[in-house]
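Shown here is one chain on its own, the form predicted on its own, set out as C-alpha cells.
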Amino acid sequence: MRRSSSATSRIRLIAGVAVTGLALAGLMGCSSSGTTAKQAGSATKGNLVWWGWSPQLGPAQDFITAFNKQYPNIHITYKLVTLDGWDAALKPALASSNGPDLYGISPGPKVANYGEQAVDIAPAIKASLGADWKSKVTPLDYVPQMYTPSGKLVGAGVGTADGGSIWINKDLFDKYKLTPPTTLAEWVSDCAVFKKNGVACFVQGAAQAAFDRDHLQSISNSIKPGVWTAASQGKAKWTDPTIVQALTVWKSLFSTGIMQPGAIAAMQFPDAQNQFFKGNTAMIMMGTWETQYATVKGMAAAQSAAGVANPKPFVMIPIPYPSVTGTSAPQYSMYGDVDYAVAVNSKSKYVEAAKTFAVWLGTSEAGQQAIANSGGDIAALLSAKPDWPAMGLVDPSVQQAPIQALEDAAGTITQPRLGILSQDMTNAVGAAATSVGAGQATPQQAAQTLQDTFSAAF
C-alpha cells in the first residue's frame, strides 16, 4: 500500500491559468442531489474557479496544463490561499452565490466546516475507476473522516502528505564534514559546529500548531510508536509517560540550542520555510510534501519566494527523526493522511465540469502521474509511481535513494496525521508546545491541560 497534506509551501499568491476540456467517460449526467440540470451544466464546458491552500502555484499550473491537453474546453482560474487564512476566506465565499466551483478539503475540521457544501463525489469516482474503485487507491485518501455523517464523500483525494522526517541541506553537511544526526547528542554536536561557522542548525515555526503537533508526534513515536495516536483516539491518556517525555524532549530542543532563537514567534510557512531555502540553515522538519523542492524547478521557485536574488539549488535529502532515547538507530515512524481532496461546490453553475476536473486529478492516470511527478504528494492512485528522470532532482545520484526510502516508509503508515484531532485539540497542542518551549508550563502541566481539553470535548 502506498501513500502521501500537507503540505506544501503556503505562500500568499493568486494566479489564474486557463484550461479547457472534454468530459471524463461516464461523468455525463452525474449531478449531485439538490442540483438542477441547468445548474449542473455541461461536463465539457465551463469557467471554473479553484481555491486551495495546496498545491502551490507552480504545480497547479502543471496540473492544469496536463488537464488542458486532454480536455480543451473548461477554463480554470486557480487561487492559492494561505493555510492560516483559509477559514476566513472560504467560509463567506461558500455562503455566497459566487464562491469557488472547486475547493480544497481535508479530514477533520475542514470536512466538518465545509463538507455539507460539497457534492457527493463518490458516484463520479465510481464512474471513472469502476465499482471496485476503493481497491485502486490508497485508503488514507478516503478515510472515514472524508465522509459526512450522512455518508457523503466530500472530495476526490489527490494524494497523501506524511510526516516524520527531517530534511537537511546536504551541501552544508558536506562542507563541514558532518553526518546527519541519529541521536539527540549528535544533533546537539552538529549544531555546535554549524553555529561556530555562522550557520543556523535547525529552524521551525513553532507558532504554527499543526507543525508543533507533527514534531511532538515524531518525538513520541521515537519513544514509543503509537501512543500519540492512541491518545488522539481516546485510547490512552494525554498524561501518558510517553507524551510527558515527548514534551520534556521538546523543551530540551530550546535549552540545548537546537531550536533557533525566536522559534515560538515564527510560522512554519513562510518563515521557517524561507529561512531554510535561503541556504544558511542546515535542517528543517517537514514531511513527504517537501520532495517537490528537491527538484531544480521546485528549489528555484522556493528560493525566489524566499527572496534569493540569484537562486542556486542545493542538494536536500530526508532523514528519519533522530532517536531521542539513543538506544537504537533511528527508523521512520511516520503518520499521514490525505493532503487535500478537491471538493465541488454544490452551488456551482458548472457542477459537471467541476467534477470532470476533480475526478481527473484524483483518479486518472494522467492526473495522478502529474501528482506523483510533482513531489508534493504521494499519489492516491496505487498505479501512479514517480518518474524520477522527469522530476528533475538537483542531484539524482544523491537524492533518489533517500527520497525513495522515505516514500517506501510512507507506504507502511497506519497512524493518522491531522485527520482525527479537532481544531480545539490542535490548538491545545500548539498552546502546550509554546508554553513548554517558553518555560511557562512544565511538561507535566501541559500534558494535564491536554487531557483536560480532550475530556471536556468528549
Partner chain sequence: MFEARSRPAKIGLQIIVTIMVIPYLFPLVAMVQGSLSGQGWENYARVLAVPGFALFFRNSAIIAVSTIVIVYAVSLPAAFGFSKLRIRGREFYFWLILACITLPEVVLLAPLFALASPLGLFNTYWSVIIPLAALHIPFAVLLSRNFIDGIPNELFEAARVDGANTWHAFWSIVIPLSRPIAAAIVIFTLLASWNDYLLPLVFLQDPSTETITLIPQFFVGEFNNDQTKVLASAVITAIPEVGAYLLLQRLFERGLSAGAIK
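Because the structure is predicted, anything quoted here is derived from the model rather than measured. Residue numbers count along the first chain shown, from 1. Note that the rigid core is defined as the largest set of C-alphas that superpose within 1.5 Å between two forms.
The protein also exists as the form predicted together with the partner chain; that form is not presented, and the subsequent description refers to it.
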Checklist entry - Can all three of 129, 141 and 404 be found with a heavy atom no more than 4.5 Å from the partner chain in the predicted complex? => result no
Checklist entry - Counting only non-hydrogen atoms, which stretch in 219 to 227, 318 to 326, 173 to 181, 297 to 305 is within 4.5 Å of the partner chain in the predicted complex? => result 297 to 305
Checklist outcome for this item: Only hit among 241, 72, 234, 92 for heavy atom within 4.5 Å of the partner chain in the predicted complex is 92
Next on the checklist: Which residue, 82, 364, 145, 252, is the contact with the partner chain in the predicted complex, using a 4.5 Å heavy atom cutoff?
Outcome noted: 82
Next on the checklist: With the partner left out here, check for me: in the predicted complex, does some heavy atom of residue 98 sit within 4.5 Å of the partner chain?
Outcome noted: yes
Checklist entry - Quick one: does residue 161 come within 4.5 Å of the partner chain in the predicted complex, counting heavy atoms only? => result yes
Next on the checklist: With the partner left out here, check for me: in the predicted complex, does some heavy atom of residue 202 sit within 4.5 Å of the partner chain?
Outcome noted: no
Next on the checklist: Does any part of residue 192 reach within 4.5 Å of the partner chain in the predicted complex? Heavy atoms only, please.
Outcome noted: no
Next on the checklist: Going through 278 to 295, which residues have a heavy atom within 4.5 Å of the partner chain in the predicted complex? Please give them in sequence order.
Outcome noted: 289, 292, 293
Item to check | residue 214 C-alpha shift between this form and the one not shown of 2 Å or more, rigid core reference | outcome: no
Next on the checklist: At a 2 Å cut-off on C-alpha positions, does residue 89 qualify as shifted between this form and the one not shown after fitting the rigid core?
Outcome noted: yes
Next on the checklist: Aligning on the core only, does the CA of residue 117 end up 2 angstroms or more away between this form and the one not shown?
Outcome noted: yes
